[in-house]
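Shown next as structure tokens: one chain only, the form predicted alone.
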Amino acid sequence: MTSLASLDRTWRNGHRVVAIDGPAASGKSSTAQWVAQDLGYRHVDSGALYRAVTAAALRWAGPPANWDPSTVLDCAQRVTLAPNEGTSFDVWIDGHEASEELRSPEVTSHVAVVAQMQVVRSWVNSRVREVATRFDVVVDGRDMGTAVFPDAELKIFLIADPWERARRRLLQRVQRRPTDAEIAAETELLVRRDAADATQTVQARDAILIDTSALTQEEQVGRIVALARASAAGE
């Protein structure tokens, strides 16, 4: 029987993979983007793909209450990834770049439902694996080191205190210092999201756990880059 690890090597065609997992708002995407830049890899944000599928479903699948996995998967076929001039990828929907649409409140409120659909998860994972056959990548998500790249050279699992995660998310969203009341409300939403995502947000047994609650982004990026370079040097 073919193992997940041997399949992973086949998918990658010799390219390197750094997999960064963790719960919502743990800083995965921004950290992964910076790590990719420092390493000269490409950053693949699996969360952006889930958001893009959600945005496509909002356009073409009717009221969210009526969404079924088959219909949402049909909408996913309108989503593509294209390398940009930097070190990441742009997400396109139906032939148009869609980065602004992905962060809309409506997409944010429905993406968790879409991300729990197994057919959508399989579709996203396939897209991410395809990219890794062509580029050295830093990928982030919730099951990159378990389901998608079980044999990645380096696996990182980021965590942070829910209050700190909520504070960071609000700071990015509102571009000012959030109030304690705002942070408390956002913390409650994140805790609920954690519960909904629990089956997907699992730390791989060989992943390195990094608690970023008291770290600056520069510190956590530096730690991961050092680990990646040490891993590459040890091969």
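Numbers for residues come from their place in the sequence shown, where the first is 1. The shown structure was predicted, so the numbers you read here are calculated from the model rather than taken from an experiment.
Another form exists, predicted together with ligand DC; not displayed. Remarks below refer to it.
- Only one of the listed residues (200, 30, 187, 203) places a non-hydrogen atom within 4.5 angstroms of ligand DC in the model of the complex, and that residue is 200.
- Here the chain stands alone, but in the model of the complex its contact with ligand DC, taken as any heavy atom within 4.5 Å, falls in 40-48 among 205-213, 40-48, 173-181, 57-65.
- Contact annotation for residue 76: none of its heavy atoms lies within 4.5 Å of ligand DC in the model of the complex.
- By the criterion of a heavy atom within 4.5 Å, residue 193 is counted among the residues contacting ligand DC in the model of the complex.
- Ligand DC is not shown here, but in the model of the complex it comes within 4.5 Å of a heavy atom of residue 144.
- Though the partner is left out of this view, residue 103 does reach within 4.5 Å of ligand DC in the model of the complex, counting heavy atoms only.
- Looking at 109-124, the residues that come within 4.5 Å of ligand DC in the model of the complex, counting any heavy atom, are 111, 112, 115, 121.
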